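Okay, so here's just one chain, in structure tokens, the form predicted on its own.
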């Protein structure tokens, strides 16, 4: 498994200070709504300047009509990020349109589709989608796979099933990871490292347990040193 650190600090300089503290690690850095709306492309450039080896995941969850999504995807690709995401519920046509547009570029980032947000439990998810999470996540994942995407964003509990109906090489990235059983906060479907490993997760996203820690570097070292993170 690979580690992705969610950069959700309240100020840009705090975000960059965290990145500097973690500059020696070969990890993903997730730039989400808050940071990107506040800091824009400049944050991405600053992160790459701190460590050109940082892999940047731009977490904006695109959802719009197909051509608008493709336009946005093309602009995202020009920023030099390594991965971004869309909503699978935007539909297979929209996802195919995105991938067709990116296919004309010399270099494209990885593209993942969000299946079910990890803040949902079955009751709240069913109210919106009229289906349980496991079934709908599988369906969204199959649509994403058929559209040519590289993987999906899902909870750890859907990862193995998704790989079973798509491909073992179809990436699963899982937010809501509490590495050593920390408080779940506003997440409903959380997992620790052992569960993520058993469910064949490729990339885990860890936010608050790292960026709210007194010593974020020590937490990252502990995560990366855990046996669950090692390739068999």
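Residue numbers count along the first chain shown, from 1. Quantities reported herein were computed from a predicted structural model and do not represent experimental measurements.
Note that the form predicted in complex with cytidine-5'-monophosphate (C5P) isn't included here; everything after this is about it.
Student: Within 4.5 Å of cytidine-5'-monophosphate (C5P) in the model of the complex - does that hold for a heavy atom of every one of 61, 118 and 206?
Tutor: Every residue of the spot touches cytidine-5'-monophosphate (C5P) in the model of the complex.
Student: Hey, in the model of the complex, is residue 3 touching cytidine-5'-monophosphate (C5P), heavy atoms inside 4.5 Å?
Tutor: No, no contact at 4.5 Å.
Student: Could you tell me if residue 111 has a non-hydrogen atom within 4.5 Å of cytidine-5'-monophosphate (C5P) in the model of the complex?
Tutor: Residue-level check for residue 111: no, no contact with cytidine-5'-monophosphate (C5P).
Student: Does any heavy atom of residue 162 come within 4.5 Å of a heavy atom of cytidine-5'-monophosphate (C5P) in the model of the complex?
Tutor: Contact check for residue 162: no, nothing within 4.5 Å of cytidine-5'-monophosphate (C5P) in the model of the complex.
Student: With a cut-off of 4.5 Å between heavy atoms, is residue 178 one of the residues that contacts cytidine-5'-monophosphate (C5P) in the model of the complex?
Tutor: Yes, contact at 4.5 Å.
Student: Would you point out which of 170-178, 194-202, 43-51, 62-70 contains residues with a non-hydrogen atom within 4.5 Å of cytidine-5'-monophosphate (C5P) in the model of the complex?
Tutor: Heavy-atom contact with the partner occurs in 170-178.
Student: Please pick, from 137, 95, 156, 153, the one residue with any non-hydrogen atom lying within 4.5 angstroms of cytidine-5'-monophosphate (C5P) in the model of the complex.
Tutor: Of the listed residues, the single hit is 153.
Student: If you look in the model of the complex, which residues in 1-37 sit within 4.5 Å of cytidine-5'-monophosphate (C5P) (heavy atoms)?
Tutor: Contacting residues: 6, 8, 30.
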